[in-house]
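Below you'll find only one chain, the form predicted alone, shown as structure tokens.
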Amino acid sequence: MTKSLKDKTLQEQVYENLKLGLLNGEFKPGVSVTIRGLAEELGVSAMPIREALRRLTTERALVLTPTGRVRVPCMTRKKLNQLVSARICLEKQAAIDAIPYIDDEMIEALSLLNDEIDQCIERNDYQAYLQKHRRFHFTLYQAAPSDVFMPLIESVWLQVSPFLSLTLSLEHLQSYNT
């Protein structure tokens, strides 16, 4: 059972907020994040930020540098290839597992999301595109009950999403539009 935001502890809320920021491409690869800066931005003390950064570092969404700074990891060709391979394996199976659970309501929801994705492309709104794209995929995969696939898929998306936001420049989206 998923807790509503109001039922979550402050630490959980901060973690979810930062995780969503990473998934939405709000943090760019190679950029350092500071406890003080994030605390000011979110209006909280350093403690829940520190805990969220620790969790996100453990999940490989962030890295700890030798100097003790936390930053968004840079992407390498090798890492991107591995993440793409992981996505293909995990998401293919999650989609296959979801098939028995797909009904007319799910098809309608996915169709609506697909239309919204097209509208984002037409508007050159890559931030909204990333959000709708992820929502489309996660809606499909979450149709099948699984305690294994979704955390693994989310972990891969956390690692690749900051990089995706860089690759989706306005010119890139416009190339889909022609």
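If you're wondering where the values come from, they're calculated on a predicted model, not measured in any experiment. Note that residue numbering begins at 1 and tracks the sequence as displayed. Each form is matched to the other, and the largest set of C-alpha atoms that superpose within 1.5 Å is called the rigid core.
Separately, the form predicted together with a further copy of the same chain exists; it is not shown, and the next lines address it.
Q: Please identify, from 128 to 136, 25 to 33, 48 to 56, 113 to 121, the stretch that has a heavy atom within 4.5 Å of a further copy of the same chain in the model of the complex.
A: Only one stretch qualifies here: 48 to 56.
Q: Only one of C74, L83, M106, A95 comes within 4.5 Å of a further copy of the same chain in the model of the complex by heavy atoms, so just point that one out.
A: Selected option: L83.
Q: Classify G43 as contacting or not contacting a further copy of the same chain in the model of the complex by the rule of any non-hydrogen atom within 4.5 angstroms, answering yes or no.
A: Close contact is absent here: in the model of the complex, G43 is far from a further copy of the same chain, nothing within 4.5 Å, heavy atoms only.
Q: Taking heavy atoms only, is P145 within 4.5 angstroms of a further copy of the same chain in the model of the complex?
A: Close contact exists here: in the model of the complex, P145 approaches a further copy of the same chain to within 4.5 Å, heavy atoms only.
Q: With the cut-off set at 4.5 Å between non-hydrogen atoms, does Q159 touch a further copy of the same chain in the model of the complex?
A: Yes, Q159 lies within 4.5 Å of a further copy of the same chain in the model of the complex.
Q: Taking any heavy atom pair closer than or equal to 4.5 Å as contact, tell me whether I99 reaches a further copy of the same chain in the model of the complex.
A: Answer no; every heavy atom of I99 is more than 4.5 Å from a further copy of the same chain in the model of the complex.
Q: Do any residues of 58 to 75 have a non-hydrogen atom within 4.5 angstroms of a further copy of the same chain in the model of the complex? If so, which ones, in sequence order?
A: Heavy-atom contacts within 4.5 Å come from T58, E59, R60, P66, T67.
Q: Taking 2 Å as the cut-off, check whether the CA of R60 shifts that much or more between the shown form and the other one after a rigid core fit.
A: No.
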